[in-house]
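Just the one chain here, laid out as structure tokens, in the form predicted on its own.
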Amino acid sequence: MNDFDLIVRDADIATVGDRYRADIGIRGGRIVAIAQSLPGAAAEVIDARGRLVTPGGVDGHCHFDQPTSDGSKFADDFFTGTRSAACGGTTTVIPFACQQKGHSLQEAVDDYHRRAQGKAVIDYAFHLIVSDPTPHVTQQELPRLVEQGYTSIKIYMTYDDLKLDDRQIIEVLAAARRHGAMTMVHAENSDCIAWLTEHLLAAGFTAPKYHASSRPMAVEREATHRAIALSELLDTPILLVHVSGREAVEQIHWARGRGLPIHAETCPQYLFLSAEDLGIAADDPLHGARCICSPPPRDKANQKFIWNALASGLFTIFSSDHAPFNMAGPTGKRVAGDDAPFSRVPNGVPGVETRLPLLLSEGVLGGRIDIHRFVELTATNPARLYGLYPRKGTIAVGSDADLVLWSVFEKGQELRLAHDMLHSAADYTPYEGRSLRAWPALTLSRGRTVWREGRFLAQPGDGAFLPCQRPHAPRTSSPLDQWLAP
């Protein structure tokens, strides 16, 4: 009889706090032993040969098969999206069950489970998007759903079909505070964007590059400051998602200096893309549409600022914000036609498969961050923030056997990134042609090999839905609660 289902031998293990060589023993999908040399037999042995081994990535911000209101359709469903994640070293994803205005939050959750059922190849949880916070939603549905393991809520300060006003934001934050949920905030000033967009279009400035002009750093800075103020008022943590620029970072520094519980996320597009990418003409007048996302990529000087904030500890997590729309076909970036103005191009870029290789290559191997910070940003902190730690996000006895074995390339022998090597259903990558010094050689999800040396090996339905724990305790002892009670 075998002692283990699988042993990974001679792994160069990196976690948030340690780096050491050891064997990893796996049984029943969990790590059951870690030792310098494990005795006993196993049904399977993987010789890591001293390769770097990190926890499987946890991508806390990605969009798969999410309903839209403009006729567009996300390129990835739960099969192709999780396949792409697994091939890039990510073993847990948390996409969004999006409430439609006039509908209940429970309807959104039920619909999203139907979309995911039998398709995911790795484990997944759901965030909730609240777009219509009626008293029924905030006082009945949210408490019940948080109790069932949907413990993170996203709200928007922009997009007409999703945005909340300040009063509605306060109602959601109050509910999150009472029930121990984490609130994620897309912070951009909707009225400023609408005014700028109207005047740009009236002046004939319709090309993709003007998307950046319609969403300058000031609109993100103002909304970031306002979100922080509302968080302070309600005495509850928030996460500011996809922070793009220096001015929003300065607001977060200010809040942290006051001791406020403000978390922050950034994404690959703010390290590797710039406003120049929106303006590329090429032979395709909509080429720049490939890089339209919100907030938009900033100038190249700003990239350095985001890198510095990533290294300094300002950012809590590093997510992909994978939101893939195809360039070809009638339901992607060209849903409103080839001559559509920037304001009618669906927002989002693909990135769930390239998130980890980009950060390991340019961050760790480029000398900007160390391997422990890499693990913290891409696995451990997302698992902690969203109530999945220590099952996910670390390499430890008792944790799920979610592991990535890395191939690392010497300078001069880098891997050149190309769309045809990726596994998303999106028809492009905005990072085409970049040189990479790392790529996953093997990905394990709960002890199953899902990616190995260029071969995808998982099956639809291998992934499981994960209820999340509350990321912080419900707050019921403050004098504030005397008048916040429903």
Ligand code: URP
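Start at 1 and count along the sequence shown; that's the residue number. Treat the numbers as computed from the prediction; the structure is a model and nothing was measured.
The discussion below concerns the form predicted together with ligand URP, not included here.
- Residue contact with ligand URP in the predicted complex: Tyr156 places a heavy atom within 4.5 Å of it.
- Interface residue remark: Ser190 is not counted as part of the site for ligand URP in the predicted complex, having no heavy atom within 4.5 Å.
- Mapping the unseen interface onto this chain, Gly348 counts among the residues with a heavy atom inside 4.5 Å of ligand URP in the predicted complex.
- Contact check for Asp321: a non-hydrogen atom falls within 4.5 Å of ligand URP in the predicted complex.
- Comment: ligand URP is not present in this chain, but in the predicted complex one of Ser294, Ser72, Ser131, Ser361 has a heavy atom within 4.5 Å of it, namely Ser294.
- This chain appears without its partner; in the predicted complex, the one residue of Arg373, Arg177, Lys209, His186 with a heavy atom within 4.5 Å of ligand URP is His186.
- Picking from 383-391, 137-145, 286-294, 250-258 the stretch near ligand URP in the predicted complex, with a 4.5 Å limit on heavy atoms, gives 286-294.
- For the stretch 213-249, the set of residues having any non-hydrogen atom within 4.5 angstroms of ligand URP in the predicted complex comprises only His242.
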